[in-house]
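Only one chain comes next, encoded as structure tokens, the form predicted alone.
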Amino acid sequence: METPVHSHIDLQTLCRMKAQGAKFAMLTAYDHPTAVAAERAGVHALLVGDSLACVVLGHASTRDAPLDLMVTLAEAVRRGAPRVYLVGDLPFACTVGGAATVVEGARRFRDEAGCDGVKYEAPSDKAAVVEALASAGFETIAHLGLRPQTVTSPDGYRAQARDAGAIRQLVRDARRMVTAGAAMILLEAVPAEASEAVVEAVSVPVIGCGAGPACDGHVLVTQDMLGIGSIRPPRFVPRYADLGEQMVAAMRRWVREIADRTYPAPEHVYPMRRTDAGG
């Protein structure tokens, strides 16, 4: 059943849902049609993620996501889903130049694309960057746990915080980021025990990406859950559809109908205008 979004969802909406014990749903989106469908479906938040480098552009690493393209696509997503909470993912190229470059990237997501917030893959020693973003007025999601920008190939993706000491460090990092001004925390690929500890330790919403049921909201890469593309999804992704195979089947039918001259049929051809019998 569709659960349409009737009014714009903002940070206060998500904080209120957390306080009420209601979970929110987040997906990635890289184009206008996907955004339209997500808003119609009642998705609360959309992420224009740097995962587009892999699932859209075919690169082996999220490091290859270009900021210019991400801003353009975020603008298209905003047009398609004007009411969702929209997040721009600060790409690797944007983060290597220091706090000033990160803040400039965030400004572009906000001013050019209409994003509500930005996501930053936050190393333990980069709380100052989160502070710079927050001080400049950006609603910032600090991404902890597995940080794909530190990995150059999907083969290197590994779950994080899988022992007591690592969980304690994750909690310290989460607290540090919230103190620096993070509006939300995103945890990727950590055990349920780790996300439980973080949710208990911080007051802001915690978004899980393969992080267990304690999180206040959950995010998936849309292509993964719909079965589109050639990348094997991680274990935490449920496959709700197999659109990739449906696309192949439809294209095969098109090729076959061209070959056997079934297409174009009369209904696919424009007729001549009718004229008077006398010419």
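Treat the numbers as computed from the prediction; the structure is a model and nothing was measured. One-based numbering along the sequence shown.
Heads up, the form predicted together with 3-methyl-2-oxobutanoic acid (KIV) isn't pictured, but that's what we're talking about next.
- For the chain shown alone, Val219 is a contact residue for 3-methyl-2-oxobutanoic acid (KIV) in the model of the complex, at least one non-hydrogen atom being within 4.5 angstroms.
- Contact check for Leu46: no non-hydrogen atom falls within 4.5 Å of 3-methyl-2-oxobutanoic acid (KIV) in the model of the complex.
- Among heavy atoms of Cys209, some come within 4.5 Å of 3-methyl-2-oxobutanoic acid (KIV) in the model of the complex.
- Taking the partner from the other structure, 3-methyl-2-oxobutanoic acid (KIV) in the model of the complex has no heavy atom within 4.5 Å of any heavy atom of Gln223.
- Comment: 3-methyl-2-oxobutanoic acid (KIV) is not present in this chain, but in the model of the complex one of Leu186, Val77, Met177, Val87 has a heavy atom within 4.5 Å of it, namely Leu186.
- The stretch among 47 to 55, 237 to 245, 33 to 41, 250 to 258 whose residues place heavy atoms within 4.5 Å of 3-methyl-2-oxobutanoic acid (KIV) in the model of the complex is 47 to 55.
- Shown without its partner, the chain has Lys119, His143 in segment 111 to 150 as residues with a non-hydrogen atom within 4.5 angstroms of 3-methyl-2-oxobutanoic acid (KIV) in the model of the complex.
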